[in-house]
Each structure stands twice: as structure tokens, then as C-alpha cells.
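Okay, here we've got a single chain as C-alpha cells, the form predicted alone, with questions on binding and movement later.
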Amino acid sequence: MTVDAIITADVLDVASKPTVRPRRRQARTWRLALSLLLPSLLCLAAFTYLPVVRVVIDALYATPHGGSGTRFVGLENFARVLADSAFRTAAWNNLLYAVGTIFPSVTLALAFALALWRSTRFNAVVRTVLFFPSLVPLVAAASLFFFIFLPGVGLLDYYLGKLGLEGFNWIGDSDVALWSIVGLTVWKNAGYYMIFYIAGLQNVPRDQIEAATVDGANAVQRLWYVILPALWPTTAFVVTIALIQVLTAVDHVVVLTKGGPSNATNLLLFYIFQEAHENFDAGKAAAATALSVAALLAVSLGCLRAMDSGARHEA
């Protein structure tokens, strides 16, 4: 055997040996990763995915009134929900509630973050004060605002009377009650969203702000053309969280108004609660839940896609 043949054989032997070991090592790594993730995956499936499947299945069945057992009805429950005027009222109230809470909350959060993004002792104290409402449980906040909204003797009417103004029946008037709930929600969430904007402002390129300043851009122009585009992923993330909270938070409605007066504050989740626990119509409640979650999922995916496109644009 020639020297070239020996060298070639050795090279081929060395090159062929590592191909087996990395594959075995990679397979071992995957098995280890799956074994570590298995408990979390099981909990996720048990408490997230299986309930979703159960809701979809329940939406296809109905329980006869006064009877036992269930019968398959297909999409009848969805048709009943869509034909229910109470559901349409709750959906419209939820839309107004979303618009009335998300835009003011996000705008205030951005304004607070822009005013307090520099790290000073005074700003730290003000951040803590603004963030504190988000730490208060929603039931406790609703109980507090119940005394604030009391007509005639509540704190709000008291201070309005000092100014010579007359208050409203804040939670008893069908034209005002929903906006009272909106005010409570904005008070509670604006400081929470501010934290995300403060974190997002730390990633705004300082060289772009300085370049815009050198070019003669004023504060409003720097905000509109430099800071807000850089905060677009943060805004999409905050709006997604706000949408989830708008659809899943109902404790304040239960404490303050119980959906009234005249269904003026009846939101989707409270409607689902009424159908399931007051009207004992589990199929209809499951169908309303499936419709609500589908709408929330569609809007959330749109926000996340916008966040992803904004991140790619910044990159």
C-alpha cells in the first residue's frame, strides 16, 4: 500500500468517526430536554389545552332543561348565542369597554414613561406611586371605588360639590355606569403598562435621538419620527396584554354593578357566567366562550404579527 493510500484511509477513518458520536450526543440531549420539559408540558396540557378541548366539546352538546344527560346538537348552541340579544349587548359593551380602556391606558402609560424614564430618586418614587394600583386586587379596587362612586355621599361627588358641580349616579345610571367601570380600569392598568414602556425606552437608540436633535428636530418630531417607531413592538405587546385583560377581567363588574343597570355593564365574561351558573345552560356558555376566545385569538395574533414586523423593521 502506498503512502498516499495510507494517508487517505486515515483521513477517511477520522472523518467518519465523529459523525456517529454527535448524532448520539444530540439524541441524548433531546431526550434530556424532553424529560426536563415533560412535567411542564403535562401541566400545560392539563390546565390549558384540555380545558379548551372540553369547552369546544361542550359547545356541541346541550342538556335538556330539567333532565339528565346530554344530546349532540352540533352548531345549534352557536346559533342560539348569536341570536341572543343579551350576547350582542354584552359584545357591544365589551367593544366599548375595550376602546375606552385600552387607548387611554396606553396613552397615559406612554406619557408616564416618557416623563419618568430617567433614573432619579424622585422618578423612582413617582413610578412606585403610579405602579401601586396594579398591585391592588381587582375586587379590592372595585370595593374601594364603590365608596368613591356612591351618589351624593361618595368621595367623587363630595369633591365635585366643593367645586360647585353636581355628580351623576355613577353606577346606577345606564348611560354612565360603563364609563365608571372604564375609569376604574384605566386607573388600575396605566401604571402597569408604564413599566413596559420604560423598559422599551431603554432600547431606543440614543444616537438616532442625538442625530435628530442635531438636525434640528424638536421634541414632538423626535417623539413622532424616532421614539414611537422604535416603541412599536412594545406597543403591540402592551395592546395584546390589554386585550386579554379586557376580556378576562370581570370582578369589578360583579362587585359594582352585576351587569346592570339594564345590562349596561354586562360584559362577555359576565354573560358567560350568567348562562353557566344562573341559567344552567352549559352548552350556550361554552359556545359563547369559544366565540370570545376565537375573537381574542384573532386580534392577539394580529398584534403579535405587528410586533414581529416592527422588530424586523428595527433590526
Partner chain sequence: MHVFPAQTINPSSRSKRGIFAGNGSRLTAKRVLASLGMTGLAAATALVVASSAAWAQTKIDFFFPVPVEGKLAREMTRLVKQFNDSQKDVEVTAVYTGSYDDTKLKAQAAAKAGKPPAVVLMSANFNVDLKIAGDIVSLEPMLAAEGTTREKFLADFWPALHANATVDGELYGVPFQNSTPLLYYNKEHFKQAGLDPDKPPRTWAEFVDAAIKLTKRDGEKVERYGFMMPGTYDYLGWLMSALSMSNGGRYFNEDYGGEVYYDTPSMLGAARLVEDMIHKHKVMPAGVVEAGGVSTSFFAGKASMVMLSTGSLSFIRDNMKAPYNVAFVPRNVRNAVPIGGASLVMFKGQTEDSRRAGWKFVRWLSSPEILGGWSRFTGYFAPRRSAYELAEMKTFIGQHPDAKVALDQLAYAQPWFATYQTVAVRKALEDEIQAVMNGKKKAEQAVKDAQRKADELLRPYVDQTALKLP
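Take the two forms, find the largest set of C-alpha atoms that superpose within 1.5 Å, and that set is the rigid core. From a predicted model like this one, the values you see are computed outputs, not experimental measurements. Residue numbers count along the first chain shown, from 1.
Form predicted together with the partner chain: not shown, discussed below.
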With the partner chain left out of view, which of F103, Y225, F146, W179 would have a heavy atom within 4.5 Å of it in the predicted complex?
F146
Among the candidate residues T107, Q208, T89, N169, which is the single one with a non-hydrogen atom no more than 4.5 Å from the partner chain in the predicted complex?
N169
Is there a heavy atom of L150 no more than 4.5 Å from a heavy atom of the partner chain in the predicted complex?
yes
Contact test in the predicted complex: F273 vs the partner chain, heavy atoms, 4.5 Å:
yes
Interface membership of Y61, the partner chain in the predicted complex, 4.5 Å heavy atom rule
no
Look up in the predicted complex whether S174 has a non-hydrogen atom within 4.5 angstroms of the partner chain, and give yes or no.
yes
Quick one: name the residues from 252-287 with any non-hydrogen atom within 4.5 angstroms of the partner chain in the predicted complex.
T257, K258, G259, G260, P261, S262, N263, F273, Q274, H277, E278, N279, F280
CA of N279, rigid core aligned, shift of 2 Å or more between the shown form and the other one:
no
